[in-house]
Every structure is written in structure tokens, then in C-alpha cells.
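Consider the single chain below, provided in C-alpha cells and representing the form predicted on its own.
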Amino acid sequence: MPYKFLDHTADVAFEVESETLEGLFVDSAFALKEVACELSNIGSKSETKIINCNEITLELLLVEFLNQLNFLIFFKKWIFTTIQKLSINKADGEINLSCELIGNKIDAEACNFKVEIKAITFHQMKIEKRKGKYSTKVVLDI
């Protein structure tokens, strides 16, 4: 598993490690999804959503990306099943993320919300590259 959950006193924390920066973001998204809900059945009518984020640091970018996913899950009642074409580019002092999400509207009978995530925090978050792998820790305010 590219991420592992950590003991945390009041919130939920997980650590992610990937060989690529893009993989780090994708694996963080799936960890967030695992915390949020358990799906027993996904409908057959898939939709595509586009996410674009611009920030000045990788940590800000990851928090913004995960906050957008959290918004889709808890407020739009929409869950992704696939993340494709995720790219991260630096230009003019900003870092841009874009990706396509494939997913479905959440069917209340097919989805068990585990815990409501209030926000993605910056607590202990630092994206680093060590020994050829990117890693970070994410703490979710629940």
C-alpha cells in the first residue's frame, strides 16, 4: 500500500510515499477517500470532472487538491474512482496541478460515510524527496 495510517490523538493522519510527485498526490487522494467512505457499489453512470489548482508551494498545492476532493465527496456527494492525467508543472513562480477525475454521484445506500473530514491541515506536512522517493504526512481534521 503506498500509504499507511498513523496513530493520532484527535484527528486522522497518514503517511504517503511515492517514486513520483504525481504519484504522491494520487496516493494521498486515495487515502483521503478511504478515510471518508466505504463504497459497496458504484453506479454505472460515470462522470468526468476536471480539477485545476495553482499554488506557490507543493504543500499548499496538496492541501488545495485534497480540499477540492473533500468538497466533492461531502458537499457535492460525488466520489472519484479513477484519477487520470494528473500533471504538476512549475511556471512563473507558481505550481499548477491539473487532472481528470472519473467517478459517480454517491448513492446513499451504496456508500457508508465513515467520518466527516472538516479540513486538510498543514500540521506536520512537508513534502520531501529522499533516496529517490517523495514522501509526506497528511493530518485530517475530523
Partner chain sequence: MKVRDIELIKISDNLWEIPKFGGMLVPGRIYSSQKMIETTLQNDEAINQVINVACLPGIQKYSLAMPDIHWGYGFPIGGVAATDIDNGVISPGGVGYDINCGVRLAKTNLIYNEVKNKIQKLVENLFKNIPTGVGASGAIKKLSKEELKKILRKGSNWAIENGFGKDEDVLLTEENGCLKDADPSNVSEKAIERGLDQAGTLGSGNHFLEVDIVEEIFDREKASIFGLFKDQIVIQIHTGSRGLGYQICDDYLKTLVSLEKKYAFNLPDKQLACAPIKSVEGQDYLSAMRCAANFAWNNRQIIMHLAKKSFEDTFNISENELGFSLIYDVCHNIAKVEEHEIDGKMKKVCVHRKGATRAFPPKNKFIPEKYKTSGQPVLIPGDMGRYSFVCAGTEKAMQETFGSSCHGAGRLQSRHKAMKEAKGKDLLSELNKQGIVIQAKGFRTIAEEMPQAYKDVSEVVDVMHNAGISTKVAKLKPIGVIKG
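Positions refer to the first chain, counted from 1. A quick note: this is a predicted structure, and the numbers were derived from the prediction, not measured.
Beyond the structure shown, there is the form predicted in complex with its partner chain, which is absent from this document and is the topic of what follows.
Contact test in the predicted bound form: Leu60 vs its partner chain, heavy atoms, 4.5 Å
Judged by the heavy-atom cut-off of 4.5 Å, Leu60 is in contact with its partner chain in the predicted bound form.
Does its partner chain come within 4.5 Å of any heavy atom of Asp107 in the predicted bound form?
-> No, Asp107 sits far enough from its partner chain in the predicted bound form that none of its heavy atoms falls within 4.5 Å.
Q.
Given that its partner chain is not shown alongside this chain, does Ser18 nevertheless sit within 4.5 Å of it in the predicted bound form, heavy atom to heavy atom?
A. Close contact is absent here: in the predicted bound form, Ser18 is far from its partner chain, nothing within 4.5 Å, heavy atoms only.
Residue-level contact is defined here as any heavy atom of the residue lying within 4.5 Å of its partner chain in the predicted bound form; does Phe113 satisfy this criterion? Residue-level check for Phe113: yes, a contact with its partner chain.
ask   = in the predicted bound form, which of the stretches 60-68, 80-88, 94-102, 24-32 has residues with heavy atoms within 4.5 Å of its partner chain?
value = Going through the listed ranges, the match is 60-68.
**Message:** Going through 113-134, which residues have a heavy atom within 4.5 Å of its partner chain in the predicted bound form? Please give them in sequence order.
**Reply:** Residues within 4.5 Å: Phe113, Lys114, Val115, Glu116, Lys118, Ala119, Ile120, Thr121, Phe122, His123, Gln124.
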